[in-house]
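Just one chain follows, in the form predicted on its own, and it is written as structure tokens.
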Amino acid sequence: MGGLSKKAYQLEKIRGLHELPYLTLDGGNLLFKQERLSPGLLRQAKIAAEGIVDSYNLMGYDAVAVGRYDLAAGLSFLQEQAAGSKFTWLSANLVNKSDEKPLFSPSVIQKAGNLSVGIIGLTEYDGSLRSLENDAAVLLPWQKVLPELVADLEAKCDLIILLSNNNPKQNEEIAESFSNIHIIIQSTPHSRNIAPQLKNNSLLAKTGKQGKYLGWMLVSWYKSKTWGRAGAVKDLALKKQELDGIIGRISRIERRENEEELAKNSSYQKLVSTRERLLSEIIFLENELYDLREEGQAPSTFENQFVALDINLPDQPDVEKIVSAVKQKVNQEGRNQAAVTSQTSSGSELMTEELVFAGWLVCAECHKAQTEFWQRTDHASAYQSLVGQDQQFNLDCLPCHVTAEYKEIKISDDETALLSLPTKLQQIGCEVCHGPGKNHAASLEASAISRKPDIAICLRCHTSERDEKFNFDNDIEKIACPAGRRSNE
């Protein structure tokens, strides 16, 4: 959630900078990071989702598509959130099973200046008639719901936007089928940004998932209702770019030479002649485009940017307060869960003999030099970094700050077990990289332990969303333990 306050700040900045009519939209998969939530994660995830809705309310969003991930806590929970949302949740194909009536608004018409903009939401359909919420709801394919809906909006709107969390191939098929859907904003479970690409008469665009970037588009929309970077529009842009370069070269020469030298400089005179020619051609093209616009034939244009929501960017104070309050509420919920666990088990911590991991203290008995080196790394204080932020009971954070998982081996399938780990596992210990050490400690066999972690182990936590600067080849050297024999040999 940390990027929400930075997104809010950037939205305010962009709106103030351009002072133009705007719409603020989201393609969906907003509330949760996965399609299914285990019972242990459900309570904390719901608290975070409620905070996201509150933040979007404050940021002034106009519409959000219902994504499959948004249904992770159940249809009823999402409907409760929609009832308290100031923006419209959209899905044209999530319907009641009995009568196929939409469970959310299929579309909404918003005003943006003088334009009427129709906005449609589409929830990902994977080809199966998958039932939801005790078989009360189903998802329909886009082929069944879009034709009539698009035709209706075309008669009422100047511009039609589709918010879709279908996969890119399906969105391209939609673009090929509907030349009157002008913009498709995608929300798929992939992290990278996709700059707008023209397919038929639709611009397909996507911003990286989970709030790492803010994407915005400046649109000049004309009566032609077609996109174009060809003809006069393209020529004008190229000639302006060429003119900028010529003017720069002329300025550099004028700074070096006096008027008498400039008069004799044939290269300079040629540049001046080129500048005058370009100015004349630009004026001609601008007049041509003006006439096309008046006649309703000028192609529409756009500019697109992605703003990286870097940790150093400013925060919007009101949204920052929401995020801070949610984090504390999530942590308190985890604390409560831990208290319940301690009351129902034999102690406040998991029984050591039942654990697959031995803990770093067992490793230290033989590997003193390596342990001393590890204690100086950030891995050793990973759990304490959560304590410092009062987030040590946040199940969204804990898995990457404790010793509880190695490849396919886990302490428990129940995430709430992480709330009651013994102290010796409350850090990124030796076994996160080298595997469970009980057998190795008992047998001293090298085959019972992995000497060097592979990249997949690191990428479990050092994902592009959490650590975009991570480089395995460089970073592995920073945490590589010093070579040496066991201290008891």
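Note that residue numbering follows the sequence shown and begins at 1. C-alpha atoms forming the largest set that superposes within 1.5 Å between two forms make up the rigid core. Remember, it's a predicted structure, so these values are computed and weren't measured experimentally.
Just so it is clear, the following notes concern the form predicted in complex with a small molecule, a form of the same protein that is not shown.
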property	result
Full three-residue contact with the small molecule in the predicted bound form, heavy atom 4.5 Å, for T371, H379 and Q391	yes
Stretch in contact, per heavy atom within 4.5 angstroms of the small molecule in the predicted bound form, of 44-52, 432-440, 417-425, 24-32	432-440
Close approach of K212 to the small molecule in the predicted bound form, 4.5 Å, heavy atom	no
4.5 Å heavy atom contact, C397 to the small molecule in the predicted bound form	yes
L17: touches the small molecule in the predicted bound form, heavy atom cutoff 4.5 angstroms	no
L37, heavy atom within 4.5 angstroms of the small molecule in the predicted bound form	no
Partner-contacting position among C363, V150, V117, V326 - heavy atom within 4.5 Å of the small molecule in the predicted bound form	C363
Contact residue in the predicted bound form, chosen from L146, L285, I183, A358 - any heavy atom within 4.5 Å of the small molecule	A358
Large Cα shift (2 Å or above) at Q305 between this form and the one not shown, core-fitted	no
Rigid core superposition, I457 Cα moves 2 angstroms or more between this form and the one not shown	yes
Large Cα move at F373 between this form and the one not shown, threshold 2 Å, rigid core	yes
